[in-house]
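A single chain, nothing else alongside it, follows as structure tokens in the form predicted alone.
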Amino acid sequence: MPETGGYLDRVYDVDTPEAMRVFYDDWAETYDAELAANGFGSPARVAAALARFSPDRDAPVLDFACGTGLSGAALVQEGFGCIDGVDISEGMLAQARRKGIYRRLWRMKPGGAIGAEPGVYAAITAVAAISPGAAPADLIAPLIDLLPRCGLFALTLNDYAIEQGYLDPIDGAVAQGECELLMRERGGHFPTIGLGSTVLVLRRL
């Protein structure tokens, strides 16, 4: 196993937006190696789920909290060709730029606006992005609001997030008729530490 600094052991303890930005900046250089060493399965699972329901893989996709671009690379593998990314960490974005797969990348301020116009993206992904140690559950509603009618939202919620009520905004959006739930499937997230994640795909109504 490569020497990676053990950031994964500490990420779920980061508790403020600014501390999170610094943490991910510090992690950026070794992020891909550490996640690969821990069997990170969620990017491929989300990309495959989105491909299953997407009518047009040339339509623009927003990769929310794109990190170093692992999620974007998985989308490319599924045939998606127009991907933008946003993240709070400039260090992570620098790594994503090196992959050469994004049309556009930008940094949002921790706790600030996402910076995308409503209706622009046919789909939004959030892979390992909304959980303790990452974005809060209250970003789910603004992400749904960015979608046009019939737009797709594909995301993961890890086991910690589900235990802490991160499903509530999704259940609320479905109950209020804002979205329909197309898929909900639990699978591997970080197998080496026994942590799973649930992939969900929503369609905006």
Ligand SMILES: C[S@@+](CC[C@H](N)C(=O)[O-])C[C@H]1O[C@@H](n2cnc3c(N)ncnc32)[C@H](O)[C@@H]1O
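Start at 1 and count along the sequence shown; that's the residue number. Keep in mind the model is a prediction, meaning the values are calculated, not measured.
If you look for the form predicted in complex with the ligand, you will not find it shown, but the lines that follow are about it.
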Taking 4.5 angstroms as the cut-off for heavy atoms, does G151 touch the ligand in the predicted complex? no
I'd like to check something about A96: if you look in the predicted complex, is any of its heavy atoms closer than or equal to 4.5 Å to a heavy atom of the ligand? no
Although the ligand is absent from this view, report whether V120 comes within 4.5 Å of it in the predicted complex, heavy atoms only. no
Please tell me whether any heavy atom belonging to A65 falls inside 4.5 Å of a heavy atom of the ligand, as the geometry stands in the predicted complex. yes
Counting only heavy atoms and a 4.5 Å cutoff, which of 48-56, 174-182, 23-31, 160-168 contacts the ligand in the predicted complex? 23-31
Only hit among G41, P136, P142, P60 for heavy atom within 4.5 Å of the ligand in the predicted complex is P136
Heavy atom within 4.5 Å of the ligand in the predicted complex - the one residue of I83, L105, I88, A116 that qualifies: I88
